[in-house]
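First comes one chain, alone, set out as structure tokens in the form predicted on its own.
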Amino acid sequence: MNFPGLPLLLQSIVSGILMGGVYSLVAIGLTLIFGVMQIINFAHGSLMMLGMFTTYWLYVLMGVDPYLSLLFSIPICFVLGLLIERFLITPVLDAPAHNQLLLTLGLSLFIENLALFLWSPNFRTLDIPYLQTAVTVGTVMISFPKLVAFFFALLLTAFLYYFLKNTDLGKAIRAASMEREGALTVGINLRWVYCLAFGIGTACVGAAGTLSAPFFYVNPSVGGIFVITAYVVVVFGGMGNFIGALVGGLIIGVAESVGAAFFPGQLKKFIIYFIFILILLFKPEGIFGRRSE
């Protein structure tokens, strides 16, 4: 174990907060789907990978700026989420939970292997000159693409929160997550709400993929790295809890980054899984509880 000095510790905390914003966006999509539909979507990471490849190919083939590609990746992933929910998830909504898990796991394997077939397992990166810069504050160096990703993630999260709190569709989604029978009584179409929630959750993870592409490698298996962390975030904040996913993402991001300063190589994940085990043992409902916002 290494004992970093104060400058390295500050650097780790700042980097962790920035990365935590992306984790929050991934986890919010995951927790929205669970909060409304009570389904754990194992294909979430694979759908994020598609968002990353959308950004990559738009830049390589058409020269579209990675952040402008949000205008493409968000609606593409939203429509893909609608189709997945309508044709794959709807038939198993009333099936046992293990059938739902196996379906989303199978979907994840299908998407990843299709990507392997189409694009090979090669690791790809975006080489964009203006993103190779960093902002220096004292002894802390802030990666520009991570800073942009953090603010975009917070902006999208704030927009989604406003949508859920202040629009009729958002209120219908919240009503369906809190009291299904009551939602049916007042005339809410649950099938449409489920479809919309899955589409929004997929759009969130697609946006996270786009925001990650400028500073992370792109390949067919990359989604697994993010989705495992997102599950930790969701459990930490409380399954189905919007605010818990946001705060949990920031905390887990800092924990991972600080862990990298103390532990070498892949052991940096140790602190995340240690937190995960503690939460499961002592507060399985999560820090903020299992309440959908």
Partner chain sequence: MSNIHQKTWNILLIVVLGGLILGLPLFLGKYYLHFFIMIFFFAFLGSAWNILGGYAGQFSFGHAAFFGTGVFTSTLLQIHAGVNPWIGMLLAGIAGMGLGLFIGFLSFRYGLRGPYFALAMLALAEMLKLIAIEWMTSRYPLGITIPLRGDSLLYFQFRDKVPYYYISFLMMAGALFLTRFIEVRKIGSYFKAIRENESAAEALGINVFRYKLIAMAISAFLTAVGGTFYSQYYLNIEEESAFGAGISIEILMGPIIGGAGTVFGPLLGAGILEFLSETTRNFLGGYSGVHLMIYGAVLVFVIIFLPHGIMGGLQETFRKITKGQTKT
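Note that the coordinates shown come from a computational prediction; the quantities given were computed from them, not determined experimentally. C-alpha atoms forming the largest set that superposes within 1.5 Å between two forms make up the rigid core. Residue numbers count along the first chain shown, from 1.
Heads up, the form predicted in complex with its partner chain isn't pictured, but that's what we're talking about next.
Checking F123, F151, F117, F163 against its partner chain in the predicted complex, a heavy atom within 4.5 Å turns up for just one residue: F117. Listed residues V36, V227, M239, I252 were compared with its partner chain in the predicted complex; M239 is the one with a heavy atom within 4.5 Å. In the predicted complex, at least one heavy atom of I40 sits within 4.5 Å of a heavy atom of its partner chain. Though the partner is left out of this view, I142 does not reach within 4.5 Å of its partner chain in the predicted complex, counting heavy atoms only. Taking the partner from the other structure, its partner chain in the predicted complex has no heavy atom within 4.5 Å of any heavy atom of P75. The closest heavy atom approach of S221 to its partner chain in the predicted complex falls outside 4.5 Å.
Only one segment in the set 206-214, 123-131, 142-150, 82-90 has residues whose heavy atoms sit within 4.5 Å of its partner chain in the predicted complex; it is 82-90. Using a 4.5 Å cut-off on any heavy atom, the residues of 87-110 that reach its partner chain in the predicted complex are, in sequence order, F87, L88, P91, V92, A97, H98, N99, L101, L102, L103, L105, G106, L107, L109, F110. Taking the rigid core as fixed, one finds a CA shift for I275 of 2 Å or more between this form and the one not shown.
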